[in-house]
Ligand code: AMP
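We begin with a single chain expressed as structure tokens, specifically the form predicted alone.
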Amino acid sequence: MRVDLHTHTRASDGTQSPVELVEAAAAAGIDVLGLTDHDTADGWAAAERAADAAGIALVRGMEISTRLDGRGVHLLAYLPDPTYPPLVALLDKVLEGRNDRVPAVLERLRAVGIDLTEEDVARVSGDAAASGRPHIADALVARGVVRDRDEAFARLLNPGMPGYVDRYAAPLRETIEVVTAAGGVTVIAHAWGRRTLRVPDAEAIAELADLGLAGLEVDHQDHDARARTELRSIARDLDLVVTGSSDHHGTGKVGHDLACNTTDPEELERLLALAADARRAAGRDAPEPLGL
């Protein structure tokens, strides 16, 4: 069984529709697909219908932008009730922060001679729940300023670059509690990816486990062999679920092909059992995995 629990569509910053993603996953031989768009469940309904037609299982989730002690952490939330009012309020605030950042980024780009408009960004973001840096990057590509998203981030949009602007992210500890109350389970995405510091460290992860954190995404393209070994050891010590995923964004992220990393089926079973426990404890009408 091939299980890929972290993917994105045009509902956030991927380049495929939910239907196109599911069809691509089926063609790649994936048996269980996790849909985890940034801060939204907007793609769930279309993906459900496509997964049923394609004969693959679907685990509905989202990747929430959070902050822990001043540092950004992405939190994968699987199978929460997306109508739970505190979760709705939390996601609305994060999405508002994404949208509010766009004009500030464009102002900074104009200061270095790059004249991009909000209409240019909206043209490429389409029906995404919010516009963000990847959409600004796509607009820069369309304008011919850069070759691809990677160059846009490296030259202009990453921290320390001329177009970087910080934005709101939800408190991580609070978010774990809200997702749990919504009947879902949480996994830290690419915990040590894209940075040299081991943040959150083992002590912080242990604290988060006490708050209800269910797992760590260990096998990810942003983790080298050493990081994977250390994170796997931490997960084992804390009895956390270990996941592996592609973090697929279609053509929006190079080197993240579907199923380039996968989750062990036994770990999937553990994650789904924890989700079932959370659903019962919360008493919410939280979604169950489809096709499993």
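The first residue of the sequence shown is number 1, and the count goes up from there. Because the structure is a prediction, the values reported are computed rather than measured.
Keep in mind the form predicted together with this ligand is missing from the figure; the text below concerns it.
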Each of 192, 223 and 228 near this ligand in the predicted bound form, meaning some heavy atom within 4.5 Å? no
Quick check for you: of 132 to 140, 118 to 126, 82 to 90, 206 to 214, which stretch puts a non-hydrogen atom within 4.5 Å of this ligand in the predicted bound form? 132 to 140
Residue 150: touches this ligand in the predicted bound form, heavy atom cutoff 4.5 angstroms: yes
Heavy atom of residue 244 within 4.5 Å of this ligand in the predicted bound form: no
Please check if residue 252 has a heavy atom lying within 4.5 Å of any heavy atom of this ligand in the predicted bound form. yes
Taking heavy atoms only, is residue 167 within 4.5 angstroms of this ligand in the predicted bound form? yes
Checked 1 to 16 against this ligand in the predicted bound form; residues with a heavy atom within 4.5 Å, sequence order, are 13
